[in-house]
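Quick setup: one chain, the form predicted alone, written in structure tokens, and binding and motion questions come after.
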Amino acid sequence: MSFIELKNINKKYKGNEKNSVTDFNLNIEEKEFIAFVGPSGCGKSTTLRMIAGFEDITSGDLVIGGQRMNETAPAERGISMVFQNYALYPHMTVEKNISYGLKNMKVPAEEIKKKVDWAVDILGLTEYRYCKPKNLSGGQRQRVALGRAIVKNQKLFLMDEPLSNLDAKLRVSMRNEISQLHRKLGSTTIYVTHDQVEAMTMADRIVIMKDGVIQQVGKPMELYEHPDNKFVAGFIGSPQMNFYDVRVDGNCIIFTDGSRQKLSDSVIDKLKGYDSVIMGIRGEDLKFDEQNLGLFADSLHKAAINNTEIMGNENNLYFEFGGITSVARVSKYEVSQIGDQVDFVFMPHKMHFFDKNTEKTIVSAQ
């Protein structure tokens, strides 16, 4: 039996025609770090709030540690939660904010001091122990919120977009801190975010949601390399995967501008019966180097660069091809200027194909 089981969970708010969450099924093991990710309104925070007990479950079963929790009060579910807005008491010091929940739980003063000492040390807050929230940075406030959660020594941590109020640099450092904290505590963590980079870099498994429905569950690289559908393929990865409407013609696909791309025999077999499909390919699988241009010379394509992004460790090159603005992710040594005419090839074994009607994957990259 898994530590947490969500069985056919549905949530429908009064007055709404559609469910906010539909038929959500997921098993979570102890010590796993699970990320719920998806666009705004996809149901990820609603699902987290149902696990916490802040939202009623319309139908289905929530089981934690072998016990059904649907009607159990939030305080009795063995959960600590970290919110987006920190929810710190402005008139209390760091120490008192962290210890407040323990005092309400009637924990002995000596034990509270030990727990607070441990929390401020592990979170690097020792020098801010007697400061109030107004004197702290956003990252320090978030650490205080984490400290208040970890001192309760619960087996399950729920985090609802805890880094969304921080600047980009601070988000990167806090991602690392939360990941390390998760490993040190050996807790089970469910983390909600709209940022696929956070999910990819932190989670053991990712749950991708859209319109209240799970689209795919898997390890980060499973989702990246073998998406179940076009939505998952486009949501995971930056820059986004390039998608082309193409016609299937024998052993080739034909783009809207007439360009042709040869296919392998294995792909041709899987595309039998399809007149047209969506082809997807990631930016790093468009190649401009001489070795690949020579290797796949029978499917050479031409384009004119219309924009560049110099990222430092890599470059993004933009150009029009196949009816869309395409992007290629290349090394920092491959620099093109706006207006440059370039030759490129698609890596044939890295192409994905999707059904135009269902958008489900027909062929995944090899």
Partner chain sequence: MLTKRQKRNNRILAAVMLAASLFFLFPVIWMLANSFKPDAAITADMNSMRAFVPPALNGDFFSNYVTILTNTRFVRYMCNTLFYAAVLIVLGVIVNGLAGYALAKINFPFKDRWLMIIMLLMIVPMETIITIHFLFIAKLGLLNTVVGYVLPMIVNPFNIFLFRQVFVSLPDDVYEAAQLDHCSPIKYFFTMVLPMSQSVVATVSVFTFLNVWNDYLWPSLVFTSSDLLTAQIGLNAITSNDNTTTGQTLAVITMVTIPVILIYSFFSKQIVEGVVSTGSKEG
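Everything numeric here is computed off the predicted structure, so don't read it as measured data. Positions refer to the first chain, counted from 1.
Omitted here: the form predicted in complex with the partner chain. The next part is about that form.
Participant: Do H91 and the partner chain come within 4.5 Å of each other in the model of the complex, heavy atoms counted?
Facilitator: Result yes; H91 sits at the interface with the partner chain in the model of the complex.
Participant: I79: heavy atom within 4.5 Å of the partner chain in the model of the complex?
Facilitator: Residue-level check for I79: yes, a contact with the partner chain.
Participant: According to a 4.5 angstroms non-hydrogen atom cut-off, is Y100 in contact with the partner chain in the model of the complex?
Facilitator: Y100: yes, in contact with the partner chain in the model of the complex.
Participant: Looking at the partner-bound form in the model of the complex, is N104 within 4.5 Å of the partner chain by any heavy atom?
Facilitator: Yes, N104 is a contact residue.
Participant: Can you say which of 267-275, 285-293, 108-116, 80-88 gets within 4.5 Å of the partner chain in the model of the complex, counting heavy atoms only?
Facilitator: In short, 80-88.
Participant: Which of G218, P239, G138, P74 has a heavy atom within 4.5 Å of the partner chain in the model of the complex?
Facilitator: Among G218, P239, G138, P74, a heavy atom within 4.5 Å of the partner chain in the model of the complex occurs only for P74.
Participant: Using a 4.5 Å cut on heavy atoms, which of K155, R205, K152, H226 is close to the partner chain in the model of the complex?
Facilitator: For this set of options, the contacting one is K152.
Participant: All three of R49, F54 and R148 touching the partner chain in the model of the complex at 4.5 Å, heavy atom to heavy atom?
Facilitator: Judged in the model of the complex, R49, F54 and R148 all sit within 4.5 Å of the partner chain.
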